[in-house]
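First comes one chain, alone, set out as C-alpha cells in the form predicted on its own.
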C-alpha cells in the first residue's frame, strides 16, 4: 500500500518554521492535516513562540480561509505567523504593479530648463542637455548623453539606479543621495550606471556590468507577500 501523500510539509530553519501547503489539494483537506501536525508539534509552555512562514504555491486564500489558518497557527498554540506567501498575482495587484513599475518610453531631447517627471521607470531615447532634468520614482535609463540632472527613486527607493550611454551629469540623485560627475573622462564606449553603494554610503558610477552583481533582484519577479 502506498504511503498517503503529505499535504502539509514543515521545514525547520534558524528563524523558525517554513510551512508548505500542497497547492493541488482542497483547503479543507490541508487545514485538517495542518491542525493535526500543529497539535502534535507545538512547543511547550516554557519554550519561545515559534515564527512560521506559510508558502501556498499557486494557491490564494479567501479572507475566511486566512482567518482559519491564523486560528490554527496562533500564539495560543505557541506559533506566530511571520508571513503568508503566494505565487498568485491577482488582477488588481497586476494592474497596480503595471501602473507603478512599467517602463515609460520617451523619445526626445531634454533641453535646458526642461523637466521630465515620470512615475515608474523611465527609458529616455535622447540626450539630457546641461540645465535639463529627468526625474523618476523608479530607475532611469538614458539611451544618449547625460549632461544635466538625473534623479532616480525620487520617493526614497535606494535600490534604484541611473544608466546612460555617456555619463557626464551636472548632478546625479538617487533617493536622498547626491553625486556629481565622475572625476574621469568617460570614453563613451561602455554604458555606465550610477547606484548607491551601501558600504561606501554614497553613489558610485561604474560600468553597466556591475548591476549583475549589485542588483541580483533584477533577475526575478518579487513574489506577492501577505504579511502577518
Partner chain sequence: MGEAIVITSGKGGVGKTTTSANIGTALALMEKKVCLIDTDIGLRNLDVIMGLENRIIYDIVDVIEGRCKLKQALIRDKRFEFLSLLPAAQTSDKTAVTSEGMKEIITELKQEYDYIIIDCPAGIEQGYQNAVAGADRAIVVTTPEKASVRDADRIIGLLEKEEMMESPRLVINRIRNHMMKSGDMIDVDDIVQLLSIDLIGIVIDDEEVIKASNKGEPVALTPNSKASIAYRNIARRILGESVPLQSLEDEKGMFQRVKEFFRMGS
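Note that the structure is predicted; figures quoted are calculated from it, not measured. Positions refer to the first chain, counted from 1.
Not on display, but discussed next: the form predicted together with its partner chain.
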- Task: From the candidate stretches 112-120, 134-142, 154-162, 78-86, select the single one in contact with its partner chain in the predicted complex, where contact means a heavy atom within 4.5 Å.
- Result: 112-120
- Message: I'd like to know whether residue 74 contacts its partner chain in the predicted complex, with contact meaning heavy atoms within 4.5 angstroms.
- Response: no
- Hey, which residues along 146-173 are within 4.5 angstroms of its partner chain in the predicted complex, non-hydrogen atoms only? 147
